[in-house]
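This document opens with one chain alone, in structure tokens, the form predicted on its own.
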Amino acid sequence: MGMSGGSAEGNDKSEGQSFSCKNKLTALVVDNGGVCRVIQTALLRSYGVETEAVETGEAEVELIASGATFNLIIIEMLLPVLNGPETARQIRTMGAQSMILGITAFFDERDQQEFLAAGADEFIEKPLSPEVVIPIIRELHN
């Protein structure tokens, strides 16, 4: 991805150890489900990732258009008006270099193909977990 940075230290929390970033990473969570948005944001922050959250794809596009940059953007598949893949497509067209993680409550191979074709780097089923987050944080540091 071309991200600069050092190395991450520690093991994941699922092993009872702590893990945190040496260098600050930034993330944006785009999810219209309030509880999911709060949980995803809290999980990322627990690993030292500076995290913002918005409810809609339109809000995300506005942030990117205003010059905001993020190392990681997590986008819910089923957003109102501008869905996840269309949001990803628009910000890629705008030049966003962020890692994009598409996320959904119900995994479907067609949705995965649509999200990846729109510019997402990965597509997973909820919940976002340490097993998913830690390897991504480590990848962004390298």
Partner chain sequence: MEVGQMQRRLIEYTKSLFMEGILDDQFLQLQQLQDESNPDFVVEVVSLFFQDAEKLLNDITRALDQQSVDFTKVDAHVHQLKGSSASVGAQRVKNGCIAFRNFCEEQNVDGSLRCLQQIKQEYYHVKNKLEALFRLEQQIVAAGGSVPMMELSF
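Remember, it's a predicted structure, so these values are computed and weren't measured experimentally. Residue numbers count along the first chain shown, from 1.
There is also a form predicted in complex with the partner chain; it is not shown, and the following applies to it.
In the predicted complex, the partner chain sits within 4.5 Å of a heavy atom belonging to residue 33. Residue contact check for residue 78: one or more of its heavy atoms lie within 4.5 Å of the partner chain in the predicted complex. In the predicted complex, at least one heavy atom of residue 43 sits within 4.5 Å of a heavy atom of the partner chain. A residue is said to contact a partner when one of its heavy atoms sits within 4.5 Å of a partner heavy atom; residue 128 meets this definition for the partner chain in the predicted complex. With the partner omitted from this view, the residue of 82, 68, 116, 105 that lies near the partner chain in the predicted complex is 105 [heavy atom within 4.5 Å].
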